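Single chain ahead, written as structure tokens, the form predicted on its own.
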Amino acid sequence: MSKIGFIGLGIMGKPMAKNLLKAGKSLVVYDVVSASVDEVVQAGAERAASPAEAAKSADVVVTMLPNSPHVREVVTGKDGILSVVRKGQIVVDMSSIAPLVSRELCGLVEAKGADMIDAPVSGGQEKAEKGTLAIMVGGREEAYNKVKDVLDLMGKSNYVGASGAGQITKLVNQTIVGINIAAVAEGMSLAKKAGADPEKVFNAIRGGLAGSQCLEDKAPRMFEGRYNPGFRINLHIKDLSNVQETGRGLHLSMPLVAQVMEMMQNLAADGRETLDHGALGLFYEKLNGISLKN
């Protein structure tokens, strides 16, 4: 792949683009925030004035954007990718969006003779910076195989099925992560209220069936009151909104998701929407009149 167009240089996209540059890839980048573009250009990328310009000369076009409307606009809007996409190009949407939107946009791109795969990520800013994201890929497997080497410079990619399957996998991931973090906060609140040391409880259970990556990552944050992102609550709210929208379309009952969404909305109402989603610990502190900090 001689050139990669990269659109979306936010909290995740910026370090992902920089990792591609560090690996020697040629990038042309675009974002609505000029300061973010400036930073990545200083690291060695070319500047584009629009999504179309970023895509025009690229073999692979990566998008990393906040939500479905943003991806739709970048693909189909004025000066969008669709206006210049050509046969043989591969569009890789690494945003976390609604699966039905992903499938719709894939169809539009394929009608132009190009390929589009959905490749949302998990791991937050820290893993984006380290290049160790989990990447869940849906779309034509032949297209995935052509860009696997590019994806694996940003993390570990896994092919999970046809168009939209990557987004569905991400929704499953966010469902389990959100519920798991809430369970960690609830369990540690029980320990604290009952007079046990939550950190000692954590060390006692981490090697058993209750052990998980969420327990390992989020319990220490709760004990330290350290809630810098990470993965922000407002982004998890966005993902859970997509979970609920998809679930309603399938007539699927998801009561635990509804509960975690209410907790996160409560935190957002308190002005904490930009904190790490581990700040569910703060919801339990407020609810129970305790502190999980050591």
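Just so you know, these numbers come straight off a predicted model, no measurement behind them. The numbering used is simple: start at 1 and walk along the sequence shown.
Not pictured, yet referred to below: the form predicted together with ligand NAD.
Residue-level question: is residue 218 within 4.5 Å of ligand NAD in the model of the complex, judged on heavy atoms?
Answer no; every heavy atom of residue 218 is more than 4.5 Å from ligand NAD in the model of the complex.
Within a 4.5 Å heavy atom cut-off, is residue 74 in contact with ligand NAD in the model of the complex?
Contact with ligand NAD, yes.
How about residue 278: is it within 4.5 Å of ligand NAD in the model of the complex, going by heavy atoms?
Outside the cut-off, so no.
Is it the case that residue 121, even though its partner is missing from this view, gets within 4.5 Å of ligand NAD in the model of the complex, heavy atoms only?
Output for residue 121 is yes: heavy atoms within 4.5 Å of ligand NAD.
Based on heavy atom distances of 4.5 Å or less, which listed stretch (122-130, 183-191, 82-90, 138-146) is in contact with ligand NAD in the model of the complex?
This holds for exactly one stretch, 122-130.
Exactly one of 58, 260, 29, 65 has a non-hydrogen atom within 4.5 Å of ligand NAD in the model of the complex; which residue is it?
Answer to the contact question: 65.
Every residue of 98, 169 and 245 near ligand NAD in the model of the complex, heavy atom within 4.5 Å
The answer is no; none of 98, 169 and 245 reaches ligand NAD.
Stretch 7-44: residues contacting ligand NAD in the model of the complex, 4.5 Å heavy atom cut-off
Those in contact are 7, 8, 9, 10, 11, 12, 13, 30, 31, 32, 33.
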